[in-house]
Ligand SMILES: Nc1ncnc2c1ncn2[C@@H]1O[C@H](COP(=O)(O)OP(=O)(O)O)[C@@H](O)[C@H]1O
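One chain comes next, on its own, written as structure tokens: the form predicted on its own.
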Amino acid sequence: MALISLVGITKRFGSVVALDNVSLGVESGEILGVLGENGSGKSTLTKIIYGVYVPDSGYIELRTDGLMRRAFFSSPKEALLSGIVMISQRPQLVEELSVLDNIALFLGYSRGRTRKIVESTMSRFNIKLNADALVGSLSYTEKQLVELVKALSFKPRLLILDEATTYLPRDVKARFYEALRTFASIGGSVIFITHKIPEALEVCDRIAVLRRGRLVRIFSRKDVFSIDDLRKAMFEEVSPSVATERVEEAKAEDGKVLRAEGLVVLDDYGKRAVSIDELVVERGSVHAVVGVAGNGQKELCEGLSGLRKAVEGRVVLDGEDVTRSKASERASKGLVYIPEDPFRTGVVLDLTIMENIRLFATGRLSSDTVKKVISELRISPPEPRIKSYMLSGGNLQKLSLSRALLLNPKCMIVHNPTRMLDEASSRQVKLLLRDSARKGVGVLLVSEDIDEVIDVADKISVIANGRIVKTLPAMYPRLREEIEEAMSTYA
């Protein structure tokens, strides 16, 4: 029995058609996956259900008192009143308040009543959190768990996850999946938005595939289909891995372009987050640093790029000691940093696509050059004058990556570049990194994805507790096993 139905939903942003006559229903007790590449319309769909956007045509039906009735949501508050809650990529929490106070604020209850509800929710869905902890002291992963507890405490009829698990490590994703299955087992409905095929296959009962704003196919667990069937539905072209191209290139190392020696960097709370004896990036090669999230990756990137002060050791760029140089000075000397979070530090959200691209460049750019960059990175929608905040997370990441095309770097530091990207876009970025190395750029790829680093790197270092615990060449026998063992042994 359907809980909610979308009928002929169309949404335009100027000349861009984000959704084109989409009709889709969600059953009670079902986890419905909505799968699609970056810019396919997934987030627009959820925002229409949640009252953020109003469709240009079409309507929503919601089961009320046993009957399907038309519903109109002009704000998230109206959606909430109908039992719909959404969790997005970015935690919507007040940093200065405790976990408990945040949830009490959302529910509109007293702290005492809220504490009982939260304790009951965490027990039922097997989630462990300190309700009295200050939100500002929590990691991103913990904040997303707070969002999950907050949403489930509301006792919604429909729970929407809009790429909410994108940034989470595997073990926490598994806890999310378990909670969603429990929620569905008691009659709740879930819309699970993702661009990752394995994720959709692991948790969803049905998978609806969007491509360029259109619903192209719905897959059910009752059907017989393959991963290739899903890929063909998602993408017009399905491409092979990048690894072959890397092996065929057989790059030779020809000089140290970036070197860290005795580097010590502190975290936001003054604790030692990075302590590295030596890390070298060779010109014309990709050196990957891989590890479980929260082992100093962010602090390492910021310490090397100049966004965070090194309290010990030194950083040498192309033979010059830049330890005391500001980030802007290191950038002017050829060090390009592409951060993992495009929302906060990757792009300027209030600027247009064109304005961001021109901001990244060192000189004047013609409109044709801007359009070429948009085309090469497959930024969608390909409209230079659209505001960047209207882009999906994956397309914001592509926009952030345009630095690699616009500048002439000696060295690039790239942090989790594909985490928000669909399969085709991920391959495109890997090829971009390989192409940069082929042109003589030294690339430091910092990632949590073992498959990604094996696919693209010439040399791989494992980071654990802020230290480099093992470094291996890409052609090392039993490479994956050695990486996994180092990650688990030293974590």
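In case it trips you up, residue 1 is the first one in the sequence shown, and so on. Computed from a predicted structure; not experimentally measured.
Keep in mind that the form predicted together with the ligand is not shown, yet the notes after this line are about it.
> Name the single residue among Thr44, Ser461, Ser426, Ser447 that comes within 4.5 Å of the ligand in the model of the complex, judging by heavy atoms.
In short, Thr44.
> Which one of Cys301, Leu93, Met390, Leu279 is close to the ligand in the model of the complex, taking close to mean a heavy atom within 4.5 Å?
Only one listed residue qualifies here, and that residue is Met390.
> So which of 451-459, 437-445, 54-62, 31-39 is the stretch with heavy atoms within 4.5 Å of the ligand in the model of the complex?
Of the options, only 31-39 has residues within 4.5 Å of the partner.
> Using a 4.5 Å heavy atom cut-off, state whether Phe13 contacts the ligand in the model of the complex.
The answer is yes: Phe13 has a heavy atom within 4.5 Å of the ligand.
> Would you please decide whether Ile9 lies within 4.5 angstroms of the ligand in the model of the complex, comparing each non-hydrogen atom pair?
Because no heavy atom of Ile9 falls inside 4.5 Å of the ligand in the model of the complex, the answer is no.
> Is it the case that Pro381, even though its partner is missing from this view, gets within 4.5 Å of the ligand in the model of the complex, heavy atoms only?
Answer yes; at least one heavy atom of Pro381 falls within 4.5 Å of the ligand in the model of the complex.
> Along 129-159, which positions have a non-hydrogen atom within 4.5 Å of the ligand in the model of the complex?
Result: empty, none.
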